[in-house]
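What follows is one chain in structure tokens, specifically the form predicted alone.
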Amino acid sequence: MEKYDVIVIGGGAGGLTVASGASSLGAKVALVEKGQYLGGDCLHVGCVPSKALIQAAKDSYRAKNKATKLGLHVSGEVDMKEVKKRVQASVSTIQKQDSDERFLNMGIDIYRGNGKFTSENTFMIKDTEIYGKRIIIATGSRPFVPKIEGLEEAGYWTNETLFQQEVLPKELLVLGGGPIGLELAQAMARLGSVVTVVEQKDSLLSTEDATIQKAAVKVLESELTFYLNAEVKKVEVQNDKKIVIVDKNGQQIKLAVDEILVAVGRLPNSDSLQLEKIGIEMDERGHILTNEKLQTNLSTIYAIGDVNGKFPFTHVAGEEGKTAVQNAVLGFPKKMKYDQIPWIIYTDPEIFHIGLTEQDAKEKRIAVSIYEIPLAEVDRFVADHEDRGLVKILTNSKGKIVGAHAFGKGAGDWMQTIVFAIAQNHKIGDLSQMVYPYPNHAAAIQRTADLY
């Protein structure tokens, strides 16, 4: 039996961070990956292809809607085969960074196939059993598909199949109004589909600051049709159409669509590892429970990324991977902190979020000062004719930033300054003292900080 200092189960963002980090520190590392390629869902069916699709949709949308204002006339329909080629080109280019060769050259042994635990320190891949002093589980998640009468027979898409499609549906139903559902729904609408979103909750973007939420929903409602507080009860096929029966407040609504995209959440990939046989504790959905050091109840086994159910973001998996390396390889205790984790929802305009929202502060009875500027008062956004949105910063009485939010073109990029400020304990006044080359988009932060 081959013995390792560290076994990493899963070759996605978190797993690759652990494998490369542990190897660089001199550990003997085994990397187990069930798929043909390294890179995980983010690279192959998540972050990368979705952003490539979103950008293609933006290009198409702007060509049709912006060019006409300049006197140009655009006609024709989007060719989904060309969109697919563009998406796959992005994936293929980035895949080179996550090639087997790169990790083999680090001295990492790669094992391919599904595996299972045979003891606290041993893992079986097909007919090969290996031993690890420490084992890091980074197996990610997969789309959750609800049990709806007729859905399997009618057929549906998920994020795992959407990016392989070569025909643009005239009418698309998106089941789920969370971040993934909204991003993909808007993208498909901009490519030319008529898109309807069905969401069980009574509101969209409920984790966002209420001011941001209101502005974003207004934009999305201008491009998409929503049924909130609604549930799909049945799907059947009639004359090459999928007839979807939606229950909304007891009222039955029939929708005829060409395709259905399921985006109602994700399940952790923990069920095939036989964790119950070695006593690993999980919640009712299968997420592996961990402490602040990312250890499970068995101290030699760690869980990072989607499989632990903390934050389902690639950048969080990467940070958790760094923390796991420090704890598992170096033995220097380090706790994973989530209070400064930013996230972006890649609608257009984008939504940026870090820290407390105004409603969070009220619920926790935290006194905050609020500074807010509409992008219509920031010259660059006015010049771009892209002035929908706003910036909102929350501070305590001493000017420390406790939350920051934005809705605007490229907000995920120019709000990164806020992430740095929070991480380095800078106050809002420091943001006002910086020099912002005129006229840039980040001046939105300056204008907001100037209110302080």
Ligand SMILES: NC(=O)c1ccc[n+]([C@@H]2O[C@H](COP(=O)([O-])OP(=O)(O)OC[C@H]3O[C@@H](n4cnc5c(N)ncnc54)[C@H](O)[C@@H]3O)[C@@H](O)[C@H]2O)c1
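Every value quoted in this text rests on a predicted model; they were computed, and no experiment measured them. Sequential numbering from 1, following the sequence displayed.
Separately, the form predicted in complex with the ligand exists; it is not shown, and the next lines address it.
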Find out whether any non-hydrogen atom of residue 286 is located within 4.5 angstroms of the ligand in the predicted bound form, and reply yes or no. no
Does residue 313 make contact with the ligand in the predicted bound form, using a 4.5 Å heavy atom cut-off? yes
For residue 156, is any heavy atom within 4.5 Å of the ligand in the predicted bound form, or not? no
With a cut-off of 4.5 Å between heavy atoms, is residue 346 one of the residues that contacts the ligand in the predicted bound form? yes
Honest question, do 400, 403 and 428 all end up within 4.5 Å of the ligand in the predicted bound form by heavy atom distance? no
Could you spot which one of 198, 260, 328, 188 gets a heavy atom to within 4.5 Å of the ligand in the predicted bound form? 198
So which of 178, 355, 192, 374 reaches within 4.5 angstroms of the ligand in the predicted bound form, heavy atom to heavy atom? 178
Among 100-108, 286-294, 263-271, 376-384, the stretch whose residues bring a heavy atom within 4.5 Å of the ligand in the predicted bound form is 263-271
Residues within 4.5 Å of the ligand in the predicted bound form, restricted to 39-61 and counted by heavy atom: 51
